[in-house]
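Coming up is one lone chain in structure tokens, specifically the form predicted on its own.
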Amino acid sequence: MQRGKRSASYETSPNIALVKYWGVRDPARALPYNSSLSVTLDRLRTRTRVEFSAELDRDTLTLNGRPAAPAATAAVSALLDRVRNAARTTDRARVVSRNNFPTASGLASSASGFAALAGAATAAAGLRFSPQRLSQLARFGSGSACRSIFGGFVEWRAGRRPDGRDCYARPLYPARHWPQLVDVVALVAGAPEKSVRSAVAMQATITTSPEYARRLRELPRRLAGIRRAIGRRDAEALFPLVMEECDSFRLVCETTRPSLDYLTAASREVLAAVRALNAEAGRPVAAYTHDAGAHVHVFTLEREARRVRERLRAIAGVERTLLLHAGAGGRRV
């Protein structure tokens, strides 16, 4: 990379996992125990600008208009070090990032944040990474970030090689594949910012949850079923599997020591409301899922969206709902 100042900006969206990634078999290479599958969402965006400069004596991170906490800045510097090594430079960087949605509360801001950082930093450093290689870089910041490089329906292949070369995300279906599928996001009041990064919490689950081994045994069946249902646009096959997967994820979190309970009372009311909607209809009309946070994603079809939103808005503690579709992946801006 040439000396002096060079900058670039990159924008991408968070994703919500229908099959969760939780735990790595090799922390140094960020290799997960299991493959995962997600939907990249529209409307929610992270935009990040990276400027490398020989005049800087350290990396700085401004997040949503404010200086970031030291831990967040250190995580960003660690990813930037990988970019610096590839570009053969020692220049420090000024990073400015902004989300148009709540940060660190279960809406996958770390996924879009590190995907955007990977895209902006490599471009600013003059590197030409393929989408696959960019995906492999992004996972070192946040595992889920590798999926936010792509739009639509995305699978992160865990791979088997110890060197990680076969571990990367790949697009399965574009955003336009299933336009009738929508995500009604219930934003709950009092959703706390996570005090422990998911990267730390998930490793505690591996060593302390008695349910984790069973989860790993069950995952290949669910992954195959969810992949097949999306391919066929089969909501009645998809929705029960999505909820089964979410329940499995929540169980291993809650049986971790100390317990990881990311939900509020309102979050749990949302889950109950979805179960009630399905029981009333006598068939699966919606499915809930959530990540390591209090906000809940409820997938349904467009024809059911109004009824679902009305039911969720009636729950005390649900501040508002968002209606989202599958969206585009990352791009330089």
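Note that the coordinates shown come from a computational prediction; the quantities given were computed from them, not determined experimentally. One rule holds for the numbers: they count along the sequence shown, beginning at 1.
The same protein also exists as the form predicted in complex with a small molecule; that form is not shown, yet it is the one meant from here on.
Within this chain, Tyr21 lines the site of the small molecule in the predicted complex, having a heavy atom no more than 4.5 Å away.
Although the partner is absent here, Ser110 is a contact residue: one of its heavy atoms lies within 4.5 angstroms of the small molecule in the predicted complex. Interface membership of Ala125, defined by any non-hydrogen atom within 4.5 Å of the small molecule in the predicted complex, is ruled out. Among heavy atoms of Ile206, none comes within 4.5 Å of the small molecule in the predicted complex. With the partner omitted here, the stretch from 137-145, 163-171, 82-90, 221-229 that lies within 4.5 Å of the small molecule by heavy atoms in the predicted complex is 137-145.
The single contact residue among Cys246, Leu238, Val76, Met202, judged by any heavy atom lying within 4.5 Å of the small molecule in the predicted complex, is Met202. The contact with the small molecule in the predicted complex, taken as any heavy atom within 4.5 Å, belongs to Arg197 out of Arg157, Arg233, Arg214, Arg197.
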